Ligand SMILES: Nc1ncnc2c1ncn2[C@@H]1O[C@H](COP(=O)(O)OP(=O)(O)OP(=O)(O)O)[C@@H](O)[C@H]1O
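Only one chain is shown below, in structure tokens, and it's the form predicted on its own.
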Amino acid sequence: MENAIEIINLHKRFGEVKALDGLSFTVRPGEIYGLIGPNGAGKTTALRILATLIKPSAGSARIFGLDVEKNPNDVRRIISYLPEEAGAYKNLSGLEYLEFMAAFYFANKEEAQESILEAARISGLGKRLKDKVKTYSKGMTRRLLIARALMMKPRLAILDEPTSGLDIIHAHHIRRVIQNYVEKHGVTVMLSSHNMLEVEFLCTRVALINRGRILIEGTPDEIKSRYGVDNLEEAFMEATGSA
């Protein structure tokens, strides 16, 4: 079976700074795969390379067999990407924003309308979709953006810190949405987070990353078992020698 993601010996430099230092991993179709680690570990850089926003300094990255450097346009047709600091147009209503984005993804009006209805359901915002985005809380805006990322039914959804800064209610909603969407549509999800307990709840497999390198990879249970700890946060502390 073709891998959803295949990264081999990926390097990225920003001047003298090594953001990625020989990163390698694979993601199978239908997985929720998590890159976890502290701020500055290289998570966002890896996701931005997969999203074709920046190029690696060395190494290769493929999505469903497509090289992200050589075939960026083809890659963009099968992925969606949600940055940590993404925003929506504040003077549009939530519904108008979804309609605006659907017009980019779908030439067929029926498909566009179906995607809007699906996004409305995913967001869980109900009647508030008729209100302007500038009246939304951070959690409501993030729910709208998650709906936008999933409405096109991508083969791969790339989500950078999907619940960062959200309260318990909004974070719980987004986790459930991601989980249910993968189960329903077989979408592959690649996400990053510094919230290791969240990733433990969501992910099929995870990679602990620090200073641009993977320290250990496996299912949450495999990693906890290896270090004899109760959660991934403790496993990371053990892996980095910070315990």
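These figures come from a predicted structure and were not determined experimentally. Numbers for residues come from their place in the sequence shown, where the first is 1.
Note that the form predicted in complex with this ligand isn't included here; everything after this is about it.
Chemist: In the model of the complex, is there a heavy atom of this ligand that lies within 4.5 Å of any heavy atom of A41, even though the partner is absent here?
Modeler: A41: yes, in contact with this ligand in the model of the complex.
Chemist: Report yes if any heavy atom of A19 sits within 4.5 Å of a heavy atom of this ligand in the model of the complex; otherwise report no.
Modeler: Although this ligand is absent here, A19 would touch it in the model of the complex, with heavy atoms inside 4.5 Å.
Chemist: Test of understanding: in the model of the complex, would T52 fall inside 4.5 Å of this ligand by heavy atoms?
Modeler: Contact check for T52: no, nothing within 4.5 Å of this ligand in the model of the complex.
Chemist: Using a 4.5 Å heavy atom cut-off, state whether E84 contacts this ligand in the model of the complex.
Modeler: Result yes; E84 sits at the interface with this ligand in the model of the complex.
Chemist: Which one, 60-68, 177-185, 44-52, 195-203, holds residues whose non-hydrogen atoms are within 4.5 Å of this ligand in the model of the complex?
Modeler: Going by heavy atoms within 4.5 Å, the stretch is 44-52.
Chemist: Going through 142-167 from first to last, which residues have a non-hydrogen atom within 4.5 Å of this ligand in the model of the complex?
Modeler: Heavy-atom contacts within 4.5 Å come from E161 alone.
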